[in-house]
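For reference, the chain that follows is the form predicted on its own, supplied as structure tokens.
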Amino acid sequence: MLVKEWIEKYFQALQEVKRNIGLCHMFITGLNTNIDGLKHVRGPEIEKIVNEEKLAEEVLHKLNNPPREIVTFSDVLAGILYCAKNGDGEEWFIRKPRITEMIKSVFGYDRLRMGGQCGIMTNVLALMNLKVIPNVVELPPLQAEQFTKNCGEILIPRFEGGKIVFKKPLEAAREEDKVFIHWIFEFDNQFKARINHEIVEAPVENRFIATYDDENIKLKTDPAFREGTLKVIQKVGRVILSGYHMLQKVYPDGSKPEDYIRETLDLINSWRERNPEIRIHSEIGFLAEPDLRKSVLDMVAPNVDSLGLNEDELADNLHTLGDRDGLAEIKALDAPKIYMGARKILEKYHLPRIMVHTREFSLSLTTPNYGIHPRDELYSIMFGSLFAATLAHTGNFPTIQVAEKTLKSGELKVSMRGMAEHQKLAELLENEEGYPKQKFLEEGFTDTEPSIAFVPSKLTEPKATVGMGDTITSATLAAQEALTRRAKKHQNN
């Protein structure tokens, strides 16, 4: 397809989903919700802090030997520089609570926003006027204020008089609950810092996250959330679970991460018993510890219908599974290698669907068991990609109306790199699997098993990067729900 043809297809996808979004059933989101403190950092600012604190040598050592956890303030600085240097986005856990006070004192934040995959996806879905039940273990008023108020219906289950009731976030807030602020240090591709003899330049925009959170690391679910979701599960179309990346290798009380994973699997099984038709998606997230990655994959993947991850997470998980082929190419966004890597995970765990989202493009593999037509899958990913691009362009999570206005403005550009990778994947499929290259290039999807859907991203000069993966995921799944319901409606007529 040419650029103008991709643009036209984006409009088609948006209109098709927009017409049918009202068919969606309820959504459940879990498991991690917190508050993000966003701070845009620039090279000179980091240079100044490093020099004032006399931490240059210490930071340089950690820059080249990343600890991937935060015990001292120099670890925070090293984490920012490491992610900037490599253009990566990582999350390191703060082991000493006093570090959070140091971060607040030295950096502060530009603004507060809803955080955690569960929280972000809840807001994205609500902005489409959908009904969502999120898991929120701690809900102080400051956290409740981060939920969107003017769109959709966000329902927080609570016990009252021995019964489950559903409340709006501000009505369900509790003054005594803990406040968890995760620090998001964003940088753009103009970031440049000199630390002694070494110059750190960011090739692309991204972010570094410093997290202190003693509740979400155990994948806790609120008791009322468990009871409330079981009560209404037959009205639910899709469940989105995330937060597994917050698991720790060691817990002070001697518990193991596998213990907490099993608790979530028990809940999944309870949902499925009451509603076999629901579709459950899980986002993997970044896990630095290989053993934890293996546990999450081995335990979660066989129990969900769909798995989502970015290129770095795909490479890391393949490495953990003992597959070393093409990992550098995957991280460099080589579409054929990403396709082959995703297919290995799909087949190993007998997944109905897997999706890989990157800055330049997204692709998914779906089997007939997932129950969606390949064209509807393509449109769903395009809808999600548009929402993520609109977030980047405006700096805010969008409504359908804002996404449509942004698309019509012409300010979003189709990724030329994404189109080039589409061409490379089409050539691989023709040469290796005999699928007509031109057919894949013209349609954007295959009618093979598994079917492949490929979407070059819409790009812009970003005002925000945090939450783009969560946005494309939740918007894609909402579109899937809408188009699947539309297809069933037509079948029954």
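Everything numeric here is computed off the predicted structure, so don't read it as measured data. Throughout, rigid core stands for the largest set of C-alpha atoms superposing within 1.5 Å between the two forms. Throughout, we count residues from 1 along the sequence that is shown.
Heads up, the form predicted in complex with ligand GLC isn't pictured, but that's what we're talking about next.
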Is it the case that 34, 209 and 470 all touch ligand GLC in the predicted complex, with a non-hydrogen atom of each within 4.5 angstroms? yes
Going by heavy atoms within 4.5 Å, which of 81-89, 380-388, 340-348, 239-247 lines up against ligand GLC in the predicted complex? 239-247
Option touching ligand GLC, based on a heavy atom within 4.5 Å in the predicted complex, out of 403, 77, 128, 120: 120
Checking 301, 315, 407, 184 against ligand GLC in the predicted complex, the residue with a non-hydrogen atom inside 4.5 angstroms turns out to be 184
I'd like to know whether residue 115 contacts ligand GLC in the predicted complex, with contact meaning heavy atoms within 4.5 angstroms. yes
Distance check, residue 466 to ligand GLC in the predicted complex, heavy atom within 4.5 Å: yes
After a core superposition, would you say residue 283 shifts its C-alpha by at least 2 Å between this form and the one not shown? no
Is residue 186 displaced by at least 2 Å at its C-alpha between this form and the one not shown when the rigid core is overlaid? yes
Shift of residue 208 between this form and the one not shown at or above 2 Å (CA, core fit): yes
